[in-house]
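The form predicted on its own is given below as one chain in structure tokens.
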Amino acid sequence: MDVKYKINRLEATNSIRPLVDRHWEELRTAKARGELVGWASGPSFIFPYAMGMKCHFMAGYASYCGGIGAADELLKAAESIGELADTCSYHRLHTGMVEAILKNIPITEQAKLPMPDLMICGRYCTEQAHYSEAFYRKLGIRILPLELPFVFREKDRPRIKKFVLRQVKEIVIPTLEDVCGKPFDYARLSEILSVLKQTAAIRNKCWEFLATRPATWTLWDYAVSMAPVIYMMGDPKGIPYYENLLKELEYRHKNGIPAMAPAGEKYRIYWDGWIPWAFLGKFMRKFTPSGAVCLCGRYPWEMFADPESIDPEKPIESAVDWLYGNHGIATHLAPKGAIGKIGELIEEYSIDGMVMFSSKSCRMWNLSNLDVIDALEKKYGIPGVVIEADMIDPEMVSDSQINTRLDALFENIDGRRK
């Protein structure tokens, strides 16, 4: 008789939505309180936070809109002014939001943001430069560029790290001081990093329960729990959130309650690329009937994976280390670094198969997907598939493709087991 699998939902994750709603509400109402507002693409929002600015994080806002069901209306507003469908859906979403506000097009109230006093363009990809330039032309807002190169060769990392550190010290900080009319608040940046260090340390203890057999929770649970270590960094309320989550995971593990009922997962899956924020439920429903659980991935693991390396006494250096330290993001995004990082995750989390989520509108994450699968399959003997879709654009998500690729992956895993 076929086993009927289902996910045992966590209670602790129910409390993340009020925290996230409060964060965006404080941003939406900042101008009414006379506060300055920043927009940030790339991981640069920590610097305006230190200056007391209310700051948005591009990917965080896009994931929020996807989660509250507002993404589609914003994408349609962008389409109405000629935005191309194959450009970054995160950028299109922002363009649509701005267009809707300027032209009084009705959209979900929670999706509205105040126009920024400063936009920091932390540039991973060329589209972020085009996106910020477009807003400069449309809104006349001040743009602060921050170049963030990938690290394709390990020997280049110290040189690139030094380059980014100089930009922060010589461009980012002086610009923030000019916009805010006061000296940069290094003490506040240290406080933010101190809270972040505590939060990430507890988060890492939670990660241990993804490695258990059977797993105690899922990548999807962690995805909705990421805000305290990303755009809510420095918010003390993130600490009790993860403490409660850890307690529930410890209780589950002690009492033999797995993430997947009745007795645990059949397939342990690695997920590569962005989280499909607007379609989390859809993807859970695709994996669950087959007994498959996604447990880890490069993107969710890039957020201060090594909290011990955070030194509040060296705040600027620690902030740049997020990108260019030993566990920095910029190395893992390049194909060679990806192979090493994914290999570590395959071993640590006992992975049976890989799903490369190839976002049709984000070329940055799609570098050499098939080559990466090939290299890892040869080394670890596990199969992988590529699913082409998008993080928030429903026009790019195909149920039949998802079903076909996942069926092929599970059949391949079964064949290798036999």
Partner chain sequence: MKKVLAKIDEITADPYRYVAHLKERTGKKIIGCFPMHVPEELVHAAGMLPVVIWRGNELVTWGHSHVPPYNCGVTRTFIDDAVKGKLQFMDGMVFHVRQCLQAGEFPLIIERNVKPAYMEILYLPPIYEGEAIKSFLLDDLILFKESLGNFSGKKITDDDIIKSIGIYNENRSLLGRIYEIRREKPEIIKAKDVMKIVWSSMLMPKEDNNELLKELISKMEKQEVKPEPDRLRIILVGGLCQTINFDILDIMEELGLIIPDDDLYVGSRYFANKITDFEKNPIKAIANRYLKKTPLCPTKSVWDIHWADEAIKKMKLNKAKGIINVIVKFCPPHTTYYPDFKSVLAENNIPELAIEVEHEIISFESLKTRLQTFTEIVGGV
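Positions refer to the first chain, counted from 1. Computed from a prediction, not measured in an experiment: that's the story for all the values here.
Beyond what is shown, the protein has a form predicted together with the partner chain; the following relates to that form.
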Can you check whether residue 285 is within 4.5 Å of the partner chain in the model of the complex, heavy atom basis?
-> no
4.5 angstroms heavy atom contact with the partner chain in the model of the complex for residue 91 | yes
Applying a 4.5 Å heavy atom distance criterion, does residue 133 contact the partner chain in the model of the complex?
-> yes
According to a 4.5 angstroms non-hydrogen atom cut-off, is residue 360 in contact with the partner chain in the model of the complex?
-> yes
As a check of understanding, the residue in 320, 232, 75, 146 with any heavy atom within 4.5 Å of the partner chain in the model of the complex should be identified as 146
If we test each of 61, 45, 365, 349 for a heavy atom within 4.5 Å of the partner chain in the model of the complex, the one that passes is 365
Within 4.5 Å of the partner chain in the model of the complex, do we find a heavy atom from each of 124, 159 and 170?
-> yes
Would you mind picking out the stretch of 203 to 211, 243 to 251, 179 to 187, 83 to 91 that comes within 4.5 angstroms of the partner chain in the model of the complex, counting non-hydrogen atoms?
-> 83 to 91
Contacts with the partner chain in the model of the complex - residues in 150 to 166 whose heavy atoms fall within 4.5 Å | 150, 151, 152, 153, 156, 159, 160, 163, 166
